[in-house]
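Form predicted on its own, single chain, as structure tokens, below.
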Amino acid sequence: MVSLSFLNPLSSEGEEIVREKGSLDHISDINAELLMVVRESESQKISNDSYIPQSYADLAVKRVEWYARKKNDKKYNHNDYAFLLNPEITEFDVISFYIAAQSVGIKFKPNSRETRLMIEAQGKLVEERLEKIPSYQRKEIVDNLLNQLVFEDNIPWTSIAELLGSKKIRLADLILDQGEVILEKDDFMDRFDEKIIGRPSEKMYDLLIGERIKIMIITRMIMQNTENYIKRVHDMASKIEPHPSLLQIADQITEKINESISYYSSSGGGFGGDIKASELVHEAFPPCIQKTIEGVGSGNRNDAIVLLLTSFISYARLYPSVFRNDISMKISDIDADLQITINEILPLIYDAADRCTPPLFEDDPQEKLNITAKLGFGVHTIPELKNEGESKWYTPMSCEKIKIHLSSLCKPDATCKNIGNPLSYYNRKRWELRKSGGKSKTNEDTKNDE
């Protein structure tokens, strides 16, 4: 039977492992026992040593690196990190979890990109580890985990209020009755059997709840507990001197995340060439964007600034290859401290809004909130990491939609032929400018012109 600490390192069993074997003094030393477990893991690729953790410190970094690659790399190979799904690695994994969580908590803020990826990585690991467990064992393990995390047979919805508040779970995903979350089949049948007409009640239970909802609650609770643990570490970090090894590991985690995002959010070849995040090239803006930046009349003003310009400028500056890569990202994945967003992207959008007739924010000041929302930070005055994910980072609208909804801005030139989106135009034009050796006007050049 798989140990519960393999799934929930913050359990009492996990804490006991750390108390016995969690000294930080030799966490970077080569560990022969760990190497043996990794190399004997089923399907583990061992031809490339760069994927093999040799120490507790290596394993702590690999846990986050695994998730960053899985999330961003289309060529991700499960066999590079098969050791993470091997229950034999439990003791090493628990210790490395605490090393990674403490490193992140000491060095970074609770709303940082590194903290978010650490929490998401833990949630994904729990999901994949549960999925790999044979079904005849999984039911018992899921029930034991749920009892460990919740403590009660019938869960009052108030006991998961923290998950609801942090939006890790939606009320719409749950079946509630008299203020309690219904999870067990017997309980479901007692309460709803006579009320369900026309369909077998047991099938309705499997459809609405089943193992799926239990695993979702378990995963989200472990993620919430991981987040709370990192916050506690961060709060304590100002009162004690951190172990130097933890600071080094925090830097390595950042380095691996940056490598992953820098490499996999860009791509070579094709007319776009290398289209990774870089300073804006104004000469490559399509006619519709040029006209929007010059100022728009009241008829199209709001949609031109909020829907068209906000998404175009943010993606052109941070993630111009979004349509080619077809991988969703958040702004902080690329702009970790939001300095580019606040100091470069928003001023350009706000300046264009001021050039409108009448100026957008004088007429509709609430549109600043909508601009923040379209960047993925919810309805707030300015983007803040703590709000990221409250809304979606909208991609630029297609040329077809611009023709229909913002027709006065659509004045196509020769490059617009066979282009389906303003961002595609930007990538093509930028490549053409580079190829011709022409001078590309950047943000700094534009400021000097003004």
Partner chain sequence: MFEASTLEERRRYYREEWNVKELPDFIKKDLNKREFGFDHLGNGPNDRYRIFKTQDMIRRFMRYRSPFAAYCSIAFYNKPWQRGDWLKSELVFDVDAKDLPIRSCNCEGVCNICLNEARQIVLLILDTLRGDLGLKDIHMIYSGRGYHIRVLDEEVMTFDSEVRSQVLKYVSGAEAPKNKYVLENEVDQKPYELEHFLIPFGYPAVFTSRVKHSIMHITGKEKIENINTKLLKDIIKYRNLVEKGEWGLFKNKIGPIRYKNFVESMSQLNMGIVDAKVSIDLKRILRLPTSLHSKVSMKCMEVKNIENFDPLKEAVPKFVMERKDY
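Computed from a predicted model, the values in this text were never measured in an experiment. Rigid core here is just the name for the largest C-alpha set that superposes within 1.5 Å across the two forms. Positions refer to the first chain, counted from 1.
We do not show the form predicted in complex with its partner chain, though everything after this point is about it.
- Not displayed here, its partner chain is kept clear of residue 70 by more than 4.5 Å at the level of heavy atoms in the predicted bound form.
- Residue 176 belongs to the set of residues with a heavy atom inside 4.5 Å of its partner chain in the predicted bound form.
- Although the partner is absent from this view, residue 361 stays clear of its partner chain in the predicted bound form, with no non-hydrogen atom inside 4.5 angstroms.
- Taking non-hydrogen atoms only, residue 36 never approaches its partner chain to within 4.5 angstroms in the predicted bound form.
- With its partner chain left out of view, the stretch that reaches within 4.5 Å of it through heavy atoms in the predicted bound form is, among 237 to 245, 327 to 335, 193 to 201, 222 to 230, 193 to 201.
- Although its partner chain is omitted here, in the predicted bound form all of 165, 169 and 400 have a heavy atom within 4.5 Å of it.
- The partner is absent here, but in the predicted bound form a heavy atom of 210, alone among 297, 347, 210, 365, sits within 4.5 Å of its partner chain.
- Residue in contact with its partner chain in the predicted bound form (any heavy atom within 4.5 Å), chosen from 111, 147, 158, 79: 158.
- In the predicted bound form, 403, 404, 405, 412, 417 are the residues of 403 to 421 with at least one heavy atom within 4.5 Å of its partner chain, listed from first to last.
- With the core held fixed between this form and the one not shown, residue 201 has its Cα displaced by under 2 Å.
- With a cut-off of 2 Å and the rigid core superposed, residue 112 has a Cα displacement that falls short of the cut-off between this form and the one not shown.
- With the core held fixed between this form and the one not shown, residue 227 has its Cα displaced by under 2 Å.
- Cα-Cα spacing of residue 167 to residue 397 is reduced in the predicted bound form versus the present form (difference of at least 3 Å).
- Legend note: Cα of residue 217 to Cα of residue 392 is at least 3 Å farther in the predicted bound form than in the depicted form.
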